[in-house]
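Following this are structure 1 and structure 2, which are two forms of one protein chain, each written alone as structure tokens.
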Structure 1
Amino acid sequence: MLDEDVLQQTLTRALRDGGDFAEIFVERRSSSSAQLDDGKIEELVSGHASGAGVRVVRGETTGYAHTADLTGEGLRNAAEAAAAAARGNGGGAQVIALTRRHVERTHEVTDAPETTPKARKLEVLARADDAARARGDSIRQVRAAYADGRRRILVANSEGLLAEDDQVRTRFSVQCVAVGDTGMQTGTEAPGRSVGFELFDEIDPEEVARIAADRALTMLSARPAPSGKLPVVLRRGAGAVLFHEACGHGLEADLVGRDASVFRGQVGEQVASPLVTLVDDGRYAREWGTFAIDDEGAPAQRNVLIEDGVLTDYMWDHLRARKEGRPSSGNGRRETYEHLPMVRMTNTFLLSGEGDPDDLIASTPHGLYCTALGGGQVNTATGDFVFGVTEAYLIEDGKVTEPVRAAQLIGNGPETLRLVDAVANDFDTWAGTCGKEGQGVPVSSGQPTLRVAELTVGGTAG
């Protein structure tokens, strides 16, 4: 993407006045999206962005500057600004000659977004619209959206690293509004993968539309959700964000380092039920949070965070790992070149157990069965987290019965991990956008059907 001499010169300029580490991150992004709403192809949007960020670390301080000007002069200015901003006490590191690092891709993209005709992207929207409306007259609004993005990145640093990646993602979403005697309800389904248009070889737009429409229709007959503590069964894929919030964030080394995590100092300790094995796997082929290298040039890898309930490791970025004299775990990510990297999750999975999902429900006399969720949020310093359930049913006498309206679940991370008392042998994933300090990055969560012995359900029914 850029001449190696220019990269080397930029790094040298960045460290001219001292510093321990310098890095340049170059990014070229293009995206296209289309939306069919209200029965009309409403909007096609194309976008392009490119730029670079230069980071200089001196002692405890990081200076950062970014620019959309990728000329030698633009990069030199950014290097000077970053060097001026890094004002800690730090040594005089030298720039080591750049060596290209090759990282094997987990999969190849076959139908690149820029070579896929716009008409094909619009056709899947029309199919989804038809399929959703076919679920009945109660479906009053359908919004189908297609979005793809290609992001080429290059990372070079003063330790001699030079690495590049080409990341493609495609997402398809359908939101339906159903209207009935009880008012209006919504249903959404939004699968995404790190692939091009071949996404539609594995997902069927009609099926996505049907799921979204039926979810909205089901909620029309839902009664108020219960209020108070209940056993909660999470269907495969539908509850993984619980673990993303309950412990994922708390295992990010930057938060641990700031003493802002309840999991600080607990490596080697039993922090969860023995049924819990949690991994963060940036190399799970085709998944939404997958990449070859992270935004600091480290190869993505599969990291075991909790094994049979025992905390094995945190997730690391370059800066935090460097301080501890250990390698990065490939979790240094940033939203764009305009942002500093920090520790982020990729694809965070709770691994499958041995039980049968139907038996798991049958052995639950009374509880809540969650089959779709919204997002969540956690305060890592206290461990308290929430997540929104958008489709759920009561379990009565071991059987799934009536639907209940959307509600928030609330719990405490360490307590909830200990309360996982059944894990089935199925598995599914869910694509989402994780926000941290104002930066959003694509992540996936995955989990088998499982049960938490007790969570607080935030409904209105006594």
Structure 2
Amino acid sequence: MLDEDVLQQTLTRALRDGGDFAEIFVERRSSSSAQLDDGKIEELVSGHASGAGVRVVRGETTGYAHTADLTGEGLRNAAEAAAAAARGNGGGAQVIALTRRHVERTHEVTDAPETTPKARKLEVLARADDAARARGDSIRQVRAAYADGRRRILVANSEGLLAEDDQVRTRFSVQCVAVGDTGMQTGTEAPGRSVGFELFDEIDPEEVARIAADRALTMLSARPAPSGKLPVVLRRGAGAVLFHEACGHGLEADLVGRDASVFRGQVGEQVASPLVTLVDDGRYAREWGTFAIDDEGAPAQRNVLIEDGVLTDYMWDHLRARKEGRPSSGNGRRETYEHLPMVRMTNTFLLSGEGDPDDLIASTPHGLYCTALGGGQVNTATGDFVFGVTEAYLIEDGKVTEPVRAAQLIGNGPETLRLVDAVANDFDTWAGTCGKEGQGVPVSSGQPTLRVAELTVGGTAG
């Protein structure tokens, strides 16, 4: 992506006025998207962007500058600006010898999105629209969207690292609005993978549309959700976002270091049920948060955060790991070259257990069965959370019965982990964008069907 001599000269320039560490992050992006709304193509766009960020660290001070000018002069100016922001005493030239690191791709892309004809991308949107509307006259609005992106990155630093990665992602979503006697209800389904257009060899656009439409139609007949403390069964994949938000963020080392995590100082302690093993794995399958290297050049890896209920480690970026004298866990991520990296999750999931999901429900006399969650809020310092439920059903006498609407799950992350009392042997994932301090990055979360012995359900039933 850039000549090695230019990278070496830029790093030398960055450290000329004194500094402990310097890094160059280069990024080239391309993307395309299409959206169909009510049977018409409303949007068909593509874009390209490229640039570089230069980071200089001296003691506790970090200077950062970014530029869209990838010439030697542009990078030199960025290096000088970053160095000025972190300037201290000392200085002098420092020669950087770069060693290119071999990066093993997690998987191969077989159908590159940039070579896929636009007509094929529009075709899957039309197929989804037809399938959703075929579910019944109550479906009044269908919105289908397709998006793909390719992101090539290069990382070089003053420790001699030079590494590159090529990341491709494709996503498809369908949102349906159903109208009935109880008003208007919405259903959404949005699978995504770190693959090219071969995503559609694995998913059926019609099936995605049917799931979204049926979700909206089901909620038309739903009764108001009950209120109170109930056992809650989370269907495989459905509760993943809850554990991502309520537990995962609290295991990020930057929040731990700022005393903004309820898990601070608890490594080696029992923080969850013995049935819970929580993993973050940037190389897992071809999930939405998968890559070969993170945005600081560290190889993605599998990190066990909680094992059999015991907190074993946090997630680390390069600088915080360097300060602690330990290796990075491959969790340094940034939205674009315009942003500083920070500790972020990749693919975070609870491992499957040994129980049968049907038996798990049958052993629950009364409770709530959640099959889709919406957005939520969490206080990482206390672990308290509130999540909306977009699809749920009552469990009565060990059977899933009536759908309910307008439910919220209210609880505390560590307490919820301790109250997991049954874990099934199935598994599914959820793909999304994780927001933190104004930056969004692709992530996935996953979990088997499991039961939390007690959660507060906020409903509207009298």
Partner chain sequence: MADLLGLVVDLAERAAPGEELEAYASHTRETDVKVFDGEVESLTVAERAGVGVRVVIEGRQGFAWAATLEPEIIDAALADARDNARFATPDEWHGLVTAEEARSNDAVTLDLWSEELARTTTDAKVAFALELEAATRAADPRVRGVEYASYGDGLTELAVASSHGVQAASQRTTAGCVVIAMAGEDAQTQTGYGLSAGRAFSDLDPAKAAADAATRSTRLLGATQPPSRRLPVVFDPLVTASLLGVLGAALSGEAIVKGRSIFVGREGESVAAPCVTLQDDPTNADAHGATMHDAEGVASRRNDLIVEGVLRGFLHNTYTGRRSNTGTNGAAVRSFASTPGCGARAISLSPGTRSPEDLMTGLEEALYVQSVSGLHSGTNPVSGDFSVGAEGLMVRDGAFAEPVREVTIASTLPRILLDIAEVGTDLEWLPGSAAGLTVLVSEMTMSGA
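Sequence positions of structure 1, starting at 1, serve as the residue numbers. Each form is matched to the other, and the largest set of C-alpha atoms that superpose within 1.5 Å is called the rigid core. Computed from a predicted model, the values in this text were never measured in an experiment.
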Taken from the structure described, the form predicted on its own is structure 2
Would T186 count as moving between the two structures, using a Cα shift of 2 angstroms or more after superposing the core as the test? no
Is Q301 one of the residues whose C-alpha moves 2 Å or more between the two structures after the core fit? no
Self-check item: Rigid-core frame, C-alpha of Q377, shift of 2 angstroms or more between the two structures
Solution: yes
